[in-house]
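A single chain comes next, written as structure tokens; it is the form predicted on its own.
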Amino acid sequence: MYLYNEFDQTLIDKRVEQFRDQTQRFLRGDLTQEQFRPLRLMNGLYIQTHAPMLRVNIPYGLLSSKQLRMLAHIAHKYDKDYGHFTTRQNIQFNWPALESVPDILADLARVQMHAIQSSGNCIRNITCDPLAGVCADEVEDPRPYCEIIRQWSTLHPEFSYLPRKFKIAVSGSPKDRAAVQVHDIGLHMRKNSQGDIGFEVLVGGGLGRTPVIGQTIAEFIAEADILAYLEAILRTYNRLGRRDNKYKSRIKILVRATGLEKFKEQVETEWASIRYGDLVLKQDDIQRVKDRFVSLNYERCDDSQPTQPTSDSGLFRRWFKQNTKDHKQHGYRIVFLSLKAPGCPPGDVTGKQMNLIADLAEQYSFGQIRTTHDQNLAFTDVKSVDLYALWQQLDKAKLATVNIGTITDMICCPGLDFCSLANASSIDIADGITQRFKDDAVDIGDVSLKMSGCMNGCGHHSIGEIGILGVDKKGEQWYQLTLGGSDSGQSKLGDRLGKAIAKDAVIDAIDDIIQVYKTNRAGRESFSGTLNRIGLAPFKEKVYAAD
């Protein structure tokens, strides 16, 4: 993983002291709420329903065991002994006291972490494929390029106060595991006919109250030109994006209003003026960043499976099949740690679990942990012969629920329980769905269910095969269902099933949807395959049969 140099460390240390002074001035009354608001947002601090919420960046979803232990320490000392992993590979703490936040940021800086630009109208944490570097289909490891973009965008003076927040994702594989099509800018790594590395650039994607699938603005931008091209897009957006209405301020609205071709012309004009300047990436620049990543020393080992007692061999085999995946290195596997155990809010992990995960990462996976877009964690470098021993310890800690990719492996925002923007709760609905399907989730097959408590779409409901959106009806919680969304390959927005349903009917409605799927699927046909073949009508008829 990337290791800070002296400049990196100095930058975040100075930023901590700057925010400590700003916080003290606010607490003394020298800064008003309105003056303090942009300062706290640029340091990851929100004001939620019950307490401040601090969002901490995890660049490209990569953590060391030392960093995870620090997060456990923060959860225990400053919060209620847990943290919440998000769909953008970050972690949030829901209960810190405002006066303690500078101390939290100082602790984070000790392990090369920060919360800079994890909120506010700026370029947010750069995300990528959680399997970067270990998947066999990869064109190139995207993480060094994510780091280059992170360094360019952090505290960029021209883009510190954009019309609205701005998100960039990078994928290095033909299979998109970074959801690049629903980001403000999505970068898909390619090789041209000469074998040169470059990027397909998508622009104008995003979720929220106006979900949009991004469009390709450039088929191939060479790696040397990518920063200048990103700068040109951001300059165009910063100049022309609306600032009079926050609901119409995202770049997706600008691209739609302008038209892709005209927007591209404006970007190309801007790019021409800066293309051959200081932003050109030389091979030495790229190699300098690559050299800051610690390489892993894989051993030569075979793929033989560990022996296990017959008493639990069936449980282990189910876990192996559902929660582990192939690794590009012979004799290793990728292991997903499920944060979706029954009775646990999706994405939540306790301080005790974090410390255990750090220990296990050191023992089995080179001391590294990945965060995923599905609010789980992963050990990406586990020897096949160690899998059974690892599974035993994960199982004891409620981190081995056999459900990765299934309906109980749902994405879920904190909803009305924590978020001041939410219209409806999410966590209790998620638990109800888990309880309903926990015994046959694997047999149902892989089904993506995503749930948001409001139109902001933090739970990515718009691109779930089953999407659940919480809405408010005269002070009561209701839920809108969508079917057929997708977040990989060719991303697609789900179609609305019908009118919103009452809270007490949601779980039964999901059960109805699954029953229609099971009744109509052909063999091992996927949920989307069945839906595309039979259409929405049978699902709608079943869900609304009592009306």
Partner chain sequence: MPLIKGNKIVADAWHVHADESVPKQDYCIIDLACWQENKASLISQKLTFGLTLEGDADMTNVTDDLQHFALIAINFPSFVDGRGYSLAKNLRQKYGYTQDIRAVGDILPDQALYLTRVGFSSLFLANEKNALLALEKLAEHNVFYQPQTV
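Numbering follows the first chain given and starts at 1. Quantities reported herein were computed from a predicted structural model and do not represent experimental measurements.
As for the form predicted together with the partner chain, it is not shown, yet the points below apply to it.
- Look at 27-35, 482-490, 56-64, 503-511: in the predicted bound form, residues with non-hydrogen atoms within 4.5 angstroms of the partner chain sit in 27-35.
- When contacts are judged by a 4.5 Å heavy atom cut-off, Ile274 counts as touching the partner chain in the predicted bound form.
- Interface residue remark: Asn532 is not counted as part of the site for the partner chain in the predicted bound form, having no heavy atom within 4.5 Å.
- Not displayed here, the partner chain is approached by Gln22 to within 4.5 Å at the level of heavy atoms in the predicted bound form.
- For the chain shown alone, Phe263 is not a contact residue for the partner chain in the predicted bound form, no non-hydrogen atom being within 4.5 angstroms.
- In terms of contact with the partner chain in the predicted bound form, the residue from Glu99, Glu158, Asp440, Glu299 that brings a heavy atom within 4.5 Å is Glu158.
- Among Asn238, Gln112, Gln393, Gln215, the residue placing a heavy atom within 4.5 Å of the partner chain in the predicted bound form is Asn238.
- Contacts between 10-28 and the partner chain, taken as any heavy atom within 4.5 Å in the predicted bound form, involve Thr10, Leu11, Lys14, Gln18, Asp21, Gln22, Arg25.
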